[in-house]
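Coming up is one lone chain in structure tokens, specifically the form predicted on its own.
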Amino acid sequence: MKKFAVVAAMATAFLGSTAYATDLEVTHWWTSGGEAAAVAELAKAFDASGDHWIDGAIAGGGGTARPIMISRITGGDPMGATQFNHGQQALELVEAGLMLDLTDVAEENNWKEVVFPPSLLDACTVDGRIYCAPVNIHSPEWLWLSNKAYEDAGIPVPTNWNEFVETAPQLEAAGKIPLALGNQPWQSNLAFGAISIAVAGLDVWKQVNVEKNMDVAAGPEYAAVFQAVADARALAAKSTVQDWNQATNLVITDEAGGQIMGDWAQGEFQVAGEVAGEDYTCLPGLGLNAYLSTGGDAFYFPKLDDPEQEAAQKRLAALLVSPEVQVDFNLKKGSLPIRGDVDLSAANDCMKKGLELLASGNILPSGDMVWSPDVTKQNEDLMVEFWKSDMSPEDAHAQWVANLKSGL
């Protein structure tokens, strides 16, 4: 606690005494209420340091924003910094020599000693050089529940996914949508991934996604997963919203019983004035497998032919990983910090659950870390079709295995 206070005070004193006045455009896809509040903390800190954050928010989520970002970088119109998820999304840009090497920044600020888990920095590393600044840990496999929706239905709030499915008919009888799900492709894929681990278990997931065992992928464990997803899509049939935060709002307004969504949903509950444990319940691993997958966000810095802007890029990279910014940003975002030496005593009940899981070491790599963007996109497309049609579980399972094999 004292150590953090001293470090934060030193950082504040240093930043407050320096005036750089360099504009830097930063692109990202954080546009919901909770996301906007979080990114404002980054902009505020950068502006306070003497530089100027030019906000380049792109609405529509990562699936819409990434192609725009990549097109600008490859087309000769790079921004100063840009968000990507941890993993392989920017690998080709790095290999093409279009991204700034941040190894000197990482070494000066001891990133290898403070970033946890180490896989986050590994995801930024290509041929021993570091090309991105991780800013948070986001785990997508949470079930968010409206306590009042269940009170209105006269039934207890579920404690796991199985109870959620069993009580769905009573929710529907009370006029509620059992499962809120938006129409963005990644949402369907996220829900599939969460149900996969809930139904098949952690060991089976690792065999398929880490060990790349395609016999297990084609086997009975994942056949059961696809049947469970087919059952779940019936629960989401009356959810007609588009964006993820619109689906979260169905839970916040008690119109829906629950939503499978990442811990970034906390930001929306916070903006709405909802209190964790009182107004809503959060179940990591859908209440069946207590774990976190260590996905999240990182910032990459395209090469610019301007020494002053390059210096500002490196200042921003260091700032993003600094203790004070890590606390202010992640408390608003609902995500976990990428360093374990910061004070998060102000965290709510849901964030504390995440911190406990992170400390326990019960963590998995995210899908972005273990599969290429091509495989991820194929499976997103498959999940959209599966969730929004009457495709049989058997056909979807077979196509999913074929998609995985194409990435080996």
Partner chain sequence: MAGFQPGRLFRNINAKIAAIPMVFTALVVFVGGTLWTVVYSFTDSKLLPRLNFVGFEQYERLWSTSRWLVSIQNLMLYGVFSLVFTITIGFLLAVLMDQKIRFEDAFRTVMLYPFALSFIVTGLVWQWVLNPQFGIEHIARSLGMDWFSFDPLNNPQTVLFGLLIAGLWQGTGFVMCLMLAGLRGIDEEIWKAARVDGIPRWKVYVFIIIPMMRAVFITTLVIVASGIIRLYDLVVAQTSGGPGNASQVPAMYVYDYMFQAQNLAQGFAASSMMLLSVLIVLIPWAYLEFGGKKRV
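Computed from a predicted structure; not experimentally measured. Residue numbers count along the first chain shown, from 1.
One more form of this protein should be noted, the form predicted together with its partner chain, which is absent from this view; the next part is about it.
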Check all three, Leu100, Lys314 and Ala347, heavy atom within 4.5 Å of its partner chain in the predicted complex:
no
Is there any non-hydrogen atom of Lys44 lying within 4.5 Å of its partner chain in the predicted complex?
no
Please check if Lys352 has a heavy atom lying within 4.5 Å of any heavy atom of its partner chain in the predicted complex.
no
Asn189 versus its partner chain, in the predicted complex: is there a non-hydrogen atom within 4.5 Å?
no
Do Thr167 and its partner chain share at least one heavy atom pair within 4.5 Å in the predicted complex?
no
May I ask you to choose, among Thr125, Thr74, Thr253, Asn162, the residue with a heavy atom within 4.5 Å of its partner chain in the predicted complex?
Thr74
Single option in Asp341, Asp55, Asp381, Glu356 placed near its partner chain in the predicted complex, where near means a heavy atom within 4.5 Å:
Asp381
Exactly one stretch in 290 to 298, 117 to 125, 192 to 200, 91 to 99 has heavy atoms within 4.5 Å of its partner chain in the predicted complex; which is it?
91 to 99
Across 371 to 405, which residues bring a heavy atom to within 4.5 Å of its partner chain in the predicted complex?
Pro373, Asp374, Lys377, Gln378, Asp381, Val384, Glu385, Lys388
